[in-house]
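Just the one chain here, the form predicted on its own, laid out as structure tokens.
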Amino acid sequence: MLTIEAFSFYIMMCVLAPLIGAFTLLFLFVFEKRIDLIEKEKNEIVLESELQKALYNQLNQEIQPHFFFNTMNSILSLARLERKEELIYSIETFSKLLKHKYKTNTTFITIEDELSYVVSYLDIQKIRFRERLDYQIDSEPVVQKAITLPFLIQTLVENAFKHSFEKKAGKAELHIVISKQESMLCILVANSLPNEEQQSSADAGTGLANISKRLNLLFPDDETSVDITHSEDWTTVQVLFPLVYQLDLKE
């Protein structure tokens, strides 16, 4: 037969046990959230670091002497020929290009913003290459507000000039296609005049490896891919990653 003390202790345990269990679950829930927050902050720091490295590399790659002087010579030629409207447009475009380069410091941007920058870059190259350069951009309206890595498309475009157009004579054709493929965003950049050096050079893959690494950091739990293919006349790079809209990230 239970004593009064034992019965009181039994009643107390019956009351406290659920409270202790609930407190333990709450503690574990808060602890898990804290771990997730720390992991997220850690990934953001790594992303910021990778972004800065990418930005630094891009600046060094693009604002290199030959690109700068060739562009300035093209602008100077327009001034000497008194082609005023083209001269003003060229200077404005070059200014916009530099401004974007030095101001972009975010983890991601929208497709339409990235393309705006790419078009500025291609306008500058058009001054240099004139009728030799033809480029086409096809971007579905549904992907305009989707996010991408800063300088992702720009890196692929610059590789086309660096490894093909600037090393071989002939027509320089560039196609950029951005589309939705089920739940994925597909970015395809194809250039004519493939260079054999691009197929074997370890340095040529640095930019693509950088893109792949940054995509894995931005989408650690999702499938991403960066693939390059060569044919007799073309080099094509295809990048796939989850289709995520800027609006979704604000919610």
Partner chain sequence: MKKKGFDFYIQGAVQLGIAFGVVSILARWITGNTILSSPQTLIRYGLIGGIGYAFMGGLALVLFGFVARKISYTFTGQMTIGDVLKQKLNPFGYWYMMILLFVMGFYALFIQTMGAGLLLYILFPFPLFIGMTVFLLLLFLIGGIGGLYRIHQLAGISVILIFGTIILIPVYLYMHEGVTTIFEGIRLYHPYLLFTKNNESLWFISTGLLVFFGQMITDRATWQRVFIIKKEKVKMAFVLTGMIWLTIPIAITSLFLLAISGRSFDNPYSLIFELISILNSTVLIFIFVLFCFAAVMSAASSELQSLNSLFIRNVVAEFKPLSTKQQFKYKNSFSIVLIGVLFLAALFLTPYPTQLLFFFGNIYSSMIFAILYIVFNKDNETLPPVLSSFVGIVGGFISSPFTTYFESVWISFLLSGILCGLFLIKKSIQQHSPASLNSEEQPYDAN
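Predicted, not measured: the structure shown is a model, and the values here were computed from it. Numbering follows the first chain given and starts at 1. For the two forms, the rigid core is made up of the largest set of C-alpha atoms that agree within 1.5 Å on superposition.
The protein also exists as the form predicted in complex with the partner chain; that form is not presented, and the subsequent description refers to it.
Visitor: Three residues, Glu44, Glu158 and Ala169; all within 4.5 Å of the partner chain in the predicted complex via heavy atoms?
Guide: Contact check failed for every one of Glu44, Glu158 and Ala169.
Visitor: So, Val177 and the partner chain: in the predicted complex, are they within 4.5 Å at any heavy atom pair?
Guide: Close contact exists here: in the predicted complex, Val177 approaches the partner chain to within 4.5 Å, heavy atoms only.
Visitor: Can Ser183 be called a contact residue for the partner chain in the predicted complex at 4.5 Å between heavy atoms?
Guide: So Ser183 counts as contacting the partner chain.
Visitor: So in the predicted complex, is the partner chain close enough to Phe69 to count as touching (4.5 Å, heavy atoms)?
Guide: No, no contact at 4.5 Å.
Visitor: So in the predicted complex, does any heavy atom of Leu217 sit within 4.5 Å of the partner chain?
Guide: No - in the predicted complex, heavy atoms of Leu217 and the partner chain never come within 4.5 Å of each other.
Visitor: Answer with one of Leu51, Ala190, Leu193, Leu208: the residue that has a non-hydrogen atom within 4.5 Å of the partner chain in the predicted complex.
Guide: Looking at Leu51, Ala190, Leu193, Leu208 one by one, just Ala190 meets the 4.5 Å heavy-atom criterion.
Visitor: What residues in 216-237 sit within 4.5 Å of the partner chain in the predicted complex, counting heavy atoms only?
Guide: Stretch hits, in order: Asp221, Asp222, Thr229, Trp234, Thr236.
Visitor: Does the distance between the two CA positions of Phe31 reach 2 Å or more between this form and the one not shown, the core being superposed?
Guide: Yes, the C-alpha moves 2 Å or more.
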